[in-house]
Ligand code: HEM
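First, one chain by itself: the form predicted alone, in structure tokens.
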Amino acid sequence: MSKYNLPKGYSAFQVLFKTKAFLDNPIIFMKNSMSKFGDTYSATIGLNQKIIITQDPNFISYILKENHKNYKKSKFLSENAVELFGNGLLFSNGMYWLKQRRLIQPGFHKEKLKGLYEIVINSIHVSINKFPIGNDIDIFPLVHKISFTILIKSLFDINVPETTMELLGNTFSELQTFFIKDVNKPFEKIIYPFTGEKKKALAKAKVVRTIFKDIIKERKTSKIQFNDLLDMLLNSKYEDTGLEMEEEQVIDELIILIFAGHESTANTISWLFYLIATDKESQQKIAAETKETTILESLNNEYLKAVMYEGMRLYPAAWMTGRETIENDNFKGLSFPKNTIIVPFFYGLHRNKTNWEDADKFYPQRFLNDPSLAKSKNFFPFGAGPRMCIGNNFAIAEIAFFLHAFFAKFTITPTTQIPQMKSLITLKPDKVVLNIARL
């Protein structure tokens, strides 16, 4: 008899027969499993790898906050990722992660980010002025490209050639696709030597690193001061040694900032456009606010914040995350061994009817009626605890500026197309087709 008390769930044998259903639509599979077993269930993969999936807010908080020292990024995910994307903040663990977090965190405080606002706003205005109007326009690739441009300009406040921008954008997309496949279909690793897929992916990762090396080399030889994120990384010094980061470390962090920041923000803006298009009242209120406030003031606009929070509640960019126990642990009657993978299921938590009234409805007013919801244990748009997304303030600013600039000039209406969720590393829409007209 096992000495651990794991929640009910799927045996290794059952997992074999349900793998396809999970890979076809992980969110639906996990929601259905929650309905079957409750807010927390387990699964056994392979010989004896235990996984616990949960949408229990207290359990999630325990893992990410109260007992975070007993949890690390899952080796199952991080080892695959480091090969492609480097050992940056998103995938590193232990003392190295803590050292890097302490070094980089000050550069993302709200006051520090104000220096980037001009770069972000200018990039948005240039892009918005080129935005197409008409019917049946898929805005997702447009928003995706704009968000990528904003991030690159914030990282490197220089004129990056269009061809380089396209190369970086396409390469990151291809690397993410390979990474997802690598994680979801681990048995295909045995054929990589024959297909050359892994070799091609590593070559693409090297291309990105070479581009960044060239930019850093140019920056170091320049005597010009730039108010961008690259200068922040290059000028940061470790408290204990007074030394700067090695070049490879800087590149690791640049890659992670793009990897984590670009997709998540582009997806969130696209989902928000879809939701706002289907809700005339929210669109009218946003348009009215743009007449009363400047784009900088949009950061403190309570209604705009409520709209953003509600969008991130319904379609959290980080729809789940993964942690691995360092030592045996227990929580409210459950007990599980070290190396157990715990998966906080944010999408399920955010739509749990037990904790949210009209959970599937887009209703921004809820965050105005009860401001405490934005800081509750039922809401994790950027994770929580020490590993909370370091770029959360930057993302909120970019989204607020984008919405203000767009709805000051355009109106949108829905079409018959309903976006389908693609549960990758982030929660992407397949497309968002809208009608766009000038005010």
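Numbering starts at 1 and runs along the sequence shown. Nothing here was measured: the structure is a model prediction, and the numbers come from that model.
Just so you know, the form predicted in complex with ligand HEM exists too; it's not on screen, but the next bit is about it.
**Student:** Within 4.5 Å of ligand HEM in the predicted bound form: all of Trp271, Gln417 and Leu424, by heavy atom?
**Tutor:** The answer is no: none of the three residues contacts the partner (heavy atom, 4.5 Å cut-off).
**Student:** To verify the annotation, which of these, Ile390, Ile27, Ala400, Leu373, has a non-hydrogen atom within 4.5 Å of ligand HEM in the predicted bound form?
**Tutor:** After the contact test, the surviving option is Ile390.
**Student:** May I ask you to choose, among Ile276, Ile342, Ala260, Ile139, the residue with a heavy atom within 4.5 Å of ligand HEM in the predicted bound form?
**Tutor:** The residue in contact is Ala260.
**Student:** Among 163 to 171, 118 to 126, 355 to 363, 94 to 102, which stretch has residues with heavy atoms no more than 4.5 Å from ligand HEM in the predicted bound form?
**Tutor:** Of the options given, it is 94 to 102.
**Student:** Quick one: is Ser264 in contact with ligand HEM in the predicted bound form, heavy atoms, 4.5 Å cut-off?
**Tutor:** Yes, contact at 4.5 Å.
**Student:** Indicate whether Phe382 is a 4.5 Å heavy atom neighbour of ligand HEM in the predicted bound form.
**Tutor:** Residue-level check for Phe382: yes, a contact with ligand HEM.
**Student:** Should Arg323 be classed as touching ligand HEM in the predicted bound form when contacts are defined as heavy atoms within 4.5 Å?
**Tutor:** Looking in the predicted bound form, residue contacts with ligand HEM include Arg323, since a heavy atom lies within 4.5 Å.
**Student:** Going by a heavy atom distance of 4.5 Å, is Phe394 a contact of ligand HEM in the predicted bound form?
**Tutor:** Contact with ligand HEM, yes.
**Student:** Which residues in 78 to 117 have a heavy atom within 4.5 Å of ligand HEM in the predicted bound form?
**Tutor:** In sequence order, Leu89, Leu90, Trp97, Arg101, Phe108 come within 4.5 Å of the partner.
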